[in-house]
Ligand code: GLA
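Let's start with one chain on its own, the form predicted on its own, as C-alpha cells.
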Amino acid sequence: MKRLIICLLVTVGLFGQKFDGLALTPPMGWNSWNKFACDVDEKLIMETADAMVSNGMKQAGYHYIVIDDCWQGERDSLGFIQPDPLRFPSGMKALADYIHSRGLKFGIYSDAGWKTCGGRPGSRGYEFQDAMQYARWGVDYLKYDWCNTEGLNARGAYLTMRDALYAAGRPIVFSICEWGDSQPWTWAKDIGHLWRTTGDIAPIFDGIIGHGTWNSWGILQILEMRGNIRSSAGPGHWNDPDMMEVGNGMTISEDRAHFSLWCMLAAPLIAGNDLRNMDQATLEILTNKEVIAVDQDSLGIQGFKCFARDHWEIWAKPLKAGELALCFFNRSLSTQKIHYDWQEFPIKDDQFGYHYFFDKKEYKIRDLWKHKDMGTTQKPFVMDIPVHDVIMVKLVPAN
C-alpha cells in the first residue's frame, strides 16, 4: 500500500501544469503553412533550416522551424503516430536531429480533433501517446489546431494535451490554435504559451477571403478583430494574431507595416514565406534588429492604439528602462502628412500605469527603420507616411 501511495503521488506530480520558463519573450521562427500548405517534405524543411542559418535570421532571433499540417502518415499497431513515409523517409527523429545540429529548434503540428484540418490523423484519444512520440523525436514546439472537434470543450481539450506534454517530460512550447472562438485569453494562461486570437491570416493588407464556411482575414481586419485583450499577454503567455505574411505578395510598405504592428502587439514572430527564395527587401524587414527588439522587450507589454486622426493613427508600447516605442501608421490609400505636437499630446497607458508627459520630460527620438536619430520631443514631429506604411520610433529619456 505504501508503494502504491508513493506511485500515485509521483504520478499526480507529473500533471497539472505547463512547462515554465519557456517563451518568456514572444517565440520567433518559421512555419510551413502560409506558403506551402500541405506541400511539405523533409527536403523543404532541411533547406529552410539551412536558409535560416545562412541568411541571418537565426542571428536575428529566429529559432523555431515548425512543420504544419500534412506531415502525418498512419498510426502503428500500438497507436503511435508515424510520419508520411514518402514525404519524410528519414523519419522525424532524424529531421529533428538535423535541425538541432543547425542550432535551431524543431516544431510540429497536430489537432485536438479526430482529424487535422488537412484530413490527417488528429490527436483526439491519443494525446498521451502523441506527446510521448514528440518527446522521443525531440520536438520543441507544438501547434495544436481545432478542426474536427465536434462535441469537445476547448479548455478541456487543451488541458488534456498540456498534461500529456508535461507527463512526457520534454519542455515543449504549446501553441493553442483555437482561432479565438472561446476567448482563450480568458483561460489559457496556465495551459499554453501562446494562443491564437483570430481566424487564419491571408496575404492581403485589407480584405476578407471567403472559403465557404470560414474566412481568412487581411492585416487590417486582424488588427481590429479583438477588443482590449492586452492584459492577458505577458512573459510566457502571448496573444497570437497568427503567423506572418511578410514576403507573400503584399507591397514592401505593407510588409513593413505588418511586421511593425506585430512587433508592437508583442506577437509571436513566425515567418510564413519561402526563406530559401526571398528578395533583400523582405529579408531586411524580417531581420531588422531594432524593430525586433521592440517585440522582444523583456517588459512584455502588448502595445495599443493610443491616438487616431483622419486616416492615420499611433500605436504605443511601453518598454523597459522608461523607453517607449511608437508606430505612426497610415491606413489609407494616400500619403498622410502628420504633425504631432509632443507637448500637447502625452502618451498614457492607464491599463499598465505607464505615462509619458513630454512637457515635463525630454526624449530622444530614434527612427527604427531608417536607423537614425531624429532629434527630441522638444519640437513637433512632422513627417509624411506613405500609403499603407509606418514610421516606427523609439523614445529614450534624454537625461
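These figures come from a predicted structure and were not determined experimentally. Throughout, we count residues from 1 along the sequence that is shown.
Absent from the display: the form predicted in complex with alpha-D-galactopyranose (GLA). The rest refers to it.
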**Request:** Report the stretch among 109-117, 321-329, 164-172, 282-290 that approaches alpha-D-galactopyranose (GLA) in the predicted bound form to within 4.5 Å, counting heavy atoms only.
**Result:** 109-117
**Message:** Can you pick out, from C177, A157, L269, L223, the residue that has a heavy atom within 4.5 Å of alpha-D-galactopyranose (GLA) in the predicted bound form?
**Reply:** C177
**One residue of D50, E42, D69, D349 in contact with alpha-D-galactopyranose (GLA), assessed in the predicted bound form (non-hydrogen atom, 4.5 angstroms)** = D69
**Asked** Is there any non-hydrogen atom of R256 lying within 4.5 Å of alpha-D-galactopyranose (GLA) in the predicted bound form?
**Response** no
**Asked** Does alpha-D-galactopyranose (GLA) come within 4.5 Å of any heavy atom of W33 in the predicted bound form?
**Response** yes
**Prompt:** Can K317 be called a contact residue for alpha-D-galactopyranose (GLA) in the predicted bound form at 4.5 Å between heavy atoms?
**Reply:** no
**Request:** Answer with yes or no whether D140 is in contact with alpha-D-galactopyranose (GLA) in the predicted bound form, where contact means some heavy atom within 4.5 Å.
**Result:** no
**Prompt:** Even though the chain is shown alone, can you say which residues of 180-209 have a heavy atom within 4.5 Å of alpha-D-galactopyranose (GLA) in the predicted bound form?
**Reply:** R196, D200
